[in-house]
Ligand SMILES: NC(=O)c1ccc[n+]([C@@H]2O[C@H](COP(=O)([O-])OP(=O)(O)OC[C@H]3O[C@@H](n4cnc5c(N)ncnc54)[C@H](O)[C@@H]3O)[C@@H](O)[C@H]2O)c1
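First, one chain by itself in structure tokens, the form predicted on its own.
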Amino acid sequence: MLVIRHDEVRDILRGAEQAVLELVRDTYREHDAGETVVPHSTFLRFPGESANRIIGLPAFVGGEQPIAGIKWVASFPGNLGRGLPRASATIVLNSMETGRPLALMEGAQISAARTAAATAVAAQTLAGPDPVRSISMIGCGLINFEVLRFLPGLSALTLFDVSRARAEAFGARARQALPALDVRIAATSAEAVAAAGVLSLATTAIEPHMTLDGARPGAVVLHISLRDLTPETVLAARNVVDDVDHVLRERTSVHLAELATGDRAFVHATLGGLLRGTTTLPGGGSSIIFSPFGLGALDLALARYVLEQALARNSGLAVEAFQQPV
């Protein structure tokens, strides 16, 4: 078994944005074509704690090099106050010939990269043929910063965070990474909502707390954190998801919208269906909300890429005695 550590994963993903974008697009298409298996994620929660959780995402990805495995990802928002990242993750890949583990790798960077790449693919697909030039971001953490890496054509960025200091630090990093980027800090979330035609929400909210009042006509809303928008806001929009059965659970905003109406008619398309041309969005000037639950198939497809690159570079730590010899 190969153990692939944090720095090795980082080095493999650095500069690989285009390859990751294409991999994510292809995996969404495979998912729409029924070439993946993605069971429901398992949520491990703890008595008396509403914020902390650990999620298991098992999956299978077919194709020429089929792979199976699981991502085990912990979200502990209190880590931010300790100077630690909110999320940590581990990914295990299994051989489809023997079932034996092939690799154990640091998964937080893979998880962040696939989330950001999926967000960028959605933005590029839903915002029309022209590159995304302006974006508003609510929630100034790792995920939204990763999104910037996958939208290199940006010229204007508006930020809002409940912590002004965190927004300013994010803005400083963004200016350093993209010197030509015009960065502005909004005083309120409503100001950020109105500032651009593309909006990325990546907060730690566990209950709906905002609307899209004041948004531009036809605004594309990348609802990464899934629990920011009120059900009424969701029902008034055109809705795109990554997988209907997955996202309509665990009290996400779209799940609450389903509970309020008793049906799923407000979900108009999946991203994979739009990419394959098997579905379309209705017209109109209402906002388009993309709500991605986060498919384990995307994590595994990217982890497979990391494993291939690690083997080609002769990196990682081989653990020969991990399992019973053949």
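Numbers for residues come from their place in the sequence shown, where the first is 1. The shown structure was predicted, so the numbers you read here are calculated from the model rather than taken from an experiment.
The same protein also exists as the form predicted in complex with the ligand; that form is not shown, yet it is the one meant from here on.
Colleague: Which residue, Arg216, His246, Arg86, Arg149, is the contact with the ligand in the model of the complex, using a 4.5 Å heavy atom cutoff?
Modeller: By the 4.5 Å criterion, the partner-contacting residue is Arg86.
Colleague: Which residue, Ala120, Ile138, Leu93, Leu154, has a heavy atom that falls within 4.5 Å of the ligand in the model of the complex?
Modeller: Of the candidates Ala120, Ile138, Leu93, Leu154, Ile138 is the one lying within 4.5 Å of the ligand in the model of the complex.
Colleague: Although the partner isn't part of this model, could you tell me whether Thr204 comes within 4.5 Å of the ligand in the model of the complex, counting any heavy atom of the residue?
Modeller: Thr204 belongs to the contact set for the ligand.
Colleague: Taking the ligand as it sits in the model of the complex, is Gly272 near enough to touch it, meaning that at least one heavy atom pair lies within 4.5 angstroms?
Modeller: Looking in the model of the complex, residue contacts with the ligand do not include Gly272, since no heavy atom lies within 4.5 Å.
Colleague: Using a 4.5 Å heavy atom cut-off, state whether His209 contacts the ligand in the model of the complex.
Modeller: Yes - in the model of the complex, heavy atoms of His209 and the ligand come within 4.5 Å of each other.
Colleague: Classify Val162 as contacting or not contacting the ligand in the model of the complex by the rule of any non-hydrogen atom within 4.5 angstroms, answering yes or no.
Modeller: Judged by the heavy-atom cut-off of 4.5 Å, Val162 is in contact with the ligand in the model of the complex.
Colleague: So which stretch, 221-229, 191-199, 93-101, 121-129, is the one near the ligand in the model of the complex (non-hydrogen atoms, 4.5 Å)?
Modeller: One stretch meets the cut-off, namely 221-229.
Colleague: Can you name the residues of 1-34 that have a heavy atom within 4.5 Å of the ligand in the model of the complex?
Modeller: Sequence-ordered list is empty.
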